[in-house]
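For reference, the chain that follows is the form predicted on its own, supplied as structure tokens.
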């Protein structure tokens, strides 16, 4: 109960927010804050009680289990997710009413945002506590879906919809790659339990399959953390409201990717090439994100590119086996969330979101300037803030790998101070520009709390050291010591920090000399790269889709052929590629006992041929019903009365529906369709040959290789595993459950359309 209680409380908050929001939209934010607060309290109590674990069977046939645990990593990330989430919801409660009012939108749209943030929070809790790789992937995919609705919250805006779609395509497709890697691990080692995976992989040792599987895991994590070359979705995602950006892109969504890498680190350590590749990608992301952040003018884009850079630092630390990688995520999340909330408050107060329109806000927004100044100092790694120790651990990890990495760390930290200082100095110092009313206390309070935590983390080191040690040890798979402290000596970490502050300070002081030249260069560079490739692929796919659609919708026969031809070709392809130990087709024996069966089939075939020459639609429906009823008779001769009875019911229902539907169609339409259907076309013979030949070949092949032992015995055994009372129920509801859902949905949609036609006026 210790493990699941915070999760249950967050999950229950979602319907509560929606229910209260439907009744009193203004109260939805308060309910969301309350739900997050009690969840955080339950989580803190669980942490105080010590390590806990929940382990119940999930999918026994796959050896997958619902395993959740509180350990060093889950405590650090869970606290970050719930703590920052609570402050973001507190901020959103004040921010969203003004946001909706400015856009002249009703207040009842507000509960939707609170509910999706809570959904995202619950999914993140499952993710960080999951000790089963398959459960971890499921939780990650839920965050992908929730982020789609959060980024696309302003669904009437094209920019929001396209940004949400872009994020969904990039993070969703890379999640599929991650799933492939996890399934490959499960198939290779026979389990999805992370501890057993590490144990078995360590015994067996590295190999090609492990390398491919971990490569897929790394790709999935890179997409989620917005690292090169999957980084371009993050700046576009800034179209979301500020509370969404502050939560997803500082402490939650992007953190999920690096969390996956840290959770899989004991496995990644068996494949040094994957770790080296991660370090290289992190270095490129670090430099690219920093340079683009230096040249951006939109407030949230400055922070978006800095997030890409900062998670590049984390990736470098993971690639170089730095014990402090989890702590870096915690420190960055606190500072970056405060800065996102700050730019949201500035935009809310002034109505402007560009550095070119703002400046000198320190006098009109003193509390905002002070609290955001602390957060900026933390992100830049200045002393007396928690950020100082993230940089110390960063330098320690890089310096251990030689001068190149030490120099890269120095450059990265200097750039961090450069873009963070540029943002804060241009907003709050200098000549006043774009000055507006003072931001409300409700917006400044969460930023103040985050700034206070940033300062407390800079002086109260013992608890942070224990937290960082536990998380680092969990990541590495063995005990480590992460000790935070100030050391007034000439150790390499201190020298690198002094160098970074000096270079970063020079960047801020000389910004007027390089800013104007950098902006057009970055604008040109932004027109190339992965985002341009994504746009080109999307454009080509759209053109192909339009061409296929135009080909398909010319008339009814082409629409039917668009389904039958691909299905027929795929069937023939499968028949040609499937491994077989004997002949594909075996002629069967025909005796007098088969005579009723042959008569039924002959009637069905005769009705089908006669349907080709039907003079009107009523004759056509009657002939087609003859096909169905004769097949029902065949089922009854084949000792399958239940199937025959079902076929009679279905055939009767659809015959009546067809007749009723055709009676509602305009006469001109029926005549035109009849004329078109009887006009001979050469390609129809090709369509019929491919579809009919494929159906006949597959049926003949299946009947030639029927094996009662292989099919029936296996189905009966699996039906018992599925806890089904009959084989048919197990097949429909379990083995092909998704097919059944889709088929049922199609039938329901069709019936709704038919009901609409039958209940309405005659179509014109």
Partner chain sequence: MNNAFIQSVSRMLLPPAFVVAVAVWLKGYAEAGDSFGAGVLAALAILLQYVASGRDAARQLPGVRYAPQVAGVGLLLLLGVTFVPLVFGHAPLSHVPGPGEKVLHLGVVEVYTAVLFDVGISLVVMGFVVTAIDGLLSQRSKTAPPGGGMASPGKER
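Residue numbers count along the first chain shown, from 1. Computed from a predicted structure; not experimentally measured. Just so we're on the same page, rigid core means the largest C-alpha set that superposes within 1.5 Å between forms.
Separately, the form predicted in complex with the partner chain exists; it is not shown, and the next lines address it.
Just one of 367, 645, 534, 212 comes within 4.5 Å of the partner chain in the predicted complex, counting any heavy atom, and that one is 645.
The partner is absent here, but in the predicted complex a heavy atom of 722, alone among 59, 52, 26, 722, sits within 4.5 Å of the partner chain. The partner chain in the predicted complex is approached by residue 615, whose closest heavy atom lies within 4.5 angstroms of it. Shown alone here, residue 696 lies farther than 4.5 Å from the partner chain in the predicted complex, counting heavy atoms only.
Within 4.5 Å of some heavy atom of the partner chain in the predicted complex lies at least one heavy atom of residue 650. Using a 4.5 angstroms limit between non-hydrogen atoms, residue 12 is distant from the partner chain in the predicted complex. Comment: 651-659 is the region of 479-487, 651-659, 426-434, 604-612 lying near the partner chain in the predicted complex, near meaning a non-hydrogen atom within 4.5 Å. In the predicted complex, the residues of 731-746 lying within 4.5 Å of the partner chain by at least one heavy atom are, in order, 732, 733, 734, 737, 738, 740, 741, 744, 745.
In the core-superposed comparison between the shown form and the other one, the C-alpha atom of residue 533 has shifted by less than 2 angstroms. Superposed on the core, the two forms barely differ at residue 483: its CA moves less than 2 Å between the shown form and the other one. With a cut-off of 2 Å and the rigid core superposed, residue 636 has a Cα displacement that reaches or exceeds the cut-off between the shown form and the other one.
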